[in-house]
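There is one chain below, alone, in structure tokens, taken in the form predicted on its own.
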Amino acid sequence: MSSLTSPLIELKNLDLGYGANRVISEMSLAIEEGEFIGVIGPNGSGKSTFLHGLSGILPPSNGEIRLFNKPYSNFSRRELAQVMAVVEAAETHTFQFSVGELVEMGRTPYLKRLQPFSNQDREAVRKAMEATEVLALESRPINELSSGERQRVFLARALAQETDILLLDEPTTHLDLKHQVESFQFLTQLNREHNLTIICISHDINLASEYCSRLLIFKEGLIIADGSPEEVLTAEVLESVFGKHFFLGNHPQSGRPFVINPAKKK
């Protein structure tokens, strides 16, 4: 479906906001197929609004988003859900769905009303739960799980959609250090082996630097820097965006930029 000459997703003079509150103004950006993009910036800088625009949840007040060189308005919600999956930062459920039931919801875009699951649907759900290590939790109610376990279930549901694009809002927020690293390693594997396009908001600059090939740094609804971690993670950029000085080094194994928050003087 993708074009050889057009970006996978293209934003043209995009304005996004809520009511009279405009959060993102005149943003233009191209996202190529197979990129692994990290989105970083302080709270309130427009990162989640940006992701909501990309997902189609938040329609633009001005400008345009194009997918496969076609306006988003050409796609139904079902068609968009067959192309991109979304994992929100803090999702809650009032109903006592089991883990298996929640992951099965990832197949909804492919099913007509009351249509039973096919073998392909069941296989997609099983593989997604295996990949995220939640298969053993299949019969457990989602609200009885820890925050970290729930986050992995939501990722499994997104993977069960079998989409070309994965949008993630703070996917490692509730995970311990081991699962944070494993999650990014797993996303990198999906990106490389399946050419999955990933756009991921992260508060952890070092994880984003280590695993993402491209970083977008947001401040007040604008992209202040766009490029590889080596290009954009500079002391000047970080101080401009976060309002404080950071020490910068390189990871001893990968050589990627590594940011150190200076300790407060006692």
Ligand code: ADP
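Every value quoted in this text rests on a predicted model; they were computed, and no experiment measured them. Note that residue numbering follows the sequence shown and begins at 1.
One more form of this protein, predicted together with the named molecule, exists but is not displayed; see below.
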In the predicted complex, residue 209 touching the named molecule (heavy atom, 4.5 Å): no
Contact of residue 48 with the named molecule in the predicted complex (heavy atom, 4.5 Å): yes
In the predicted complex, residue 14 touching the named molecule (heavy atom, 4.5 Å): no
Contact label in the predicted complex: residue 247 to the named molecule, heavy atom within 4.5 Å: no
Residue stretch of 21 to 29, 238 to 246, 254 to 262, 6 to 14 approaching the named molecule in the predicted complex, non-hydrogen atom distance within 4.5 Å: 21 to 29
